[in-house]
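A single chain comes next, written as structure tokens; it is the form predicted alone.
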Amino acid sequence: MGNGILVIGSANVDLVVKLDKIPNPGETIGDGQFHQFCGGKGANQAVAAARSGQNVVFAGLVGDDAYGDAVIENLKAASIDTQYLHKEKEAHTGIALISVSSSGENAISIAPGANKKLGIKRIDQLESVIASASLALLQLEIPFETCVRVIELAGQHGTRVMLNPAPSDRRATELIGSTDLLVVNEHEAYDISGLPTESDAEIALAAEWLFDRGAKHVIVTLGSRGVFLKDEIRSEFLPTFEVEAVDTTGAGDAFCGTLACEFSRTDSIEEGIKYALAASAISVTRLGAQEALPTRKEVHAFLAEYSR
């Protein structure tokens, strides 16, 4: 078993406007507040894991532009190894345009740019890094065939894989059988399984369907309701912590990155989920994605307060 987490994924810059409400099509709403953050599911999850005390290597692509420089410097500031985060001259850095309402809901438009240029050839150059990692963490904001190749190499070297198939892609069924941890929200569970996820019973059936395709642990995230866990010995709902949400933009990434950290550190899925639920609860009380991610000390303080 290797050491540390390898995150192969997207890195974006988030351009955020906070408004009273998210505009409807054709509607203009003024008096918004503008913020610029570093984001992308891959980079967000890498920062979440690093802030929880794990050694993290990040591999991906940004554009050869000012946004790319900002992404690299931001990851370095989080003590993440960025030697495999390269600049792509023929594409811009990924951009996300995000509207956030006063209730914390969001609407996101993404121009992936360089993220879509991360091809198999780059992954083959990472084989030794994949082999030495304790866990490879993937999302689907990079080309699908790239994720396939990462999982193939991880399987050859006995490296565990955690997959967060977001944005959802029906082809993810091809990857599930080689996944140690599969984390989906209820919408992704529906898209991938084809089964409804509107009731608790339906969520349990969809999770079972995903588990039957070979994932060792299936976690369906349910926002403020917590998660549903399905594995060999458990099939149960686990509640989250009640907080007042300000911005839900990075909650899923907070959960995934911190779960990857705790699972690779302890091999305990229960402890990993408890820690990750606390981290994601803290994150929604703050504006932004990476800026909202808590440190290990903050998560432990939060858990200690809740246990009183």
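Position 1 is the first residue in the sequence shown; the rest follow in order. Remember, predicted model here, so these are calculated numbers, not experimental data.
Keep in mind the form predicted in complex with alpha-D-ribofuranose (RIB) is missing from the figure; the text below concerns it.
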> Just one of L181, A96, L138, A207 has a heavy atom within 4.5 angstroms of alpha-D-ribofuranose (RIB) in the predicted complex, so which one?
Replying inline: A96
> Is there a non-hydrogen atom of A289 within 4.5 angstroms of a non-hydrogen atom of alpha-D-ribofuranose (RIB) in the predicted complex?
Replying inline: yes
>> Is it the case that T249, even though its partner is missing from this view, gets within 4.5 Å of alpha-D-ribofuranose (RIB) in the predicted complex, heavy atoms only?
In response: yes
> Is the gap between G60 and alpha-D-ribofuranose (RIB) in the predicted complex 4.5 Å or less for some heavy atom pair?
Replying inline: no
>> V129 versus alpha-D-ribofuranose (RIB), in the predicted complex: is there a non-hydrogen atom within 4.5 Å?
In response: no
> Which of 63-71, 27-35, 264-272, 41-49 has heavy atoms within 4.5 Å of alpha-D-ribofuranose (RIB) in the predicted complex?
Replying inline: 41-49
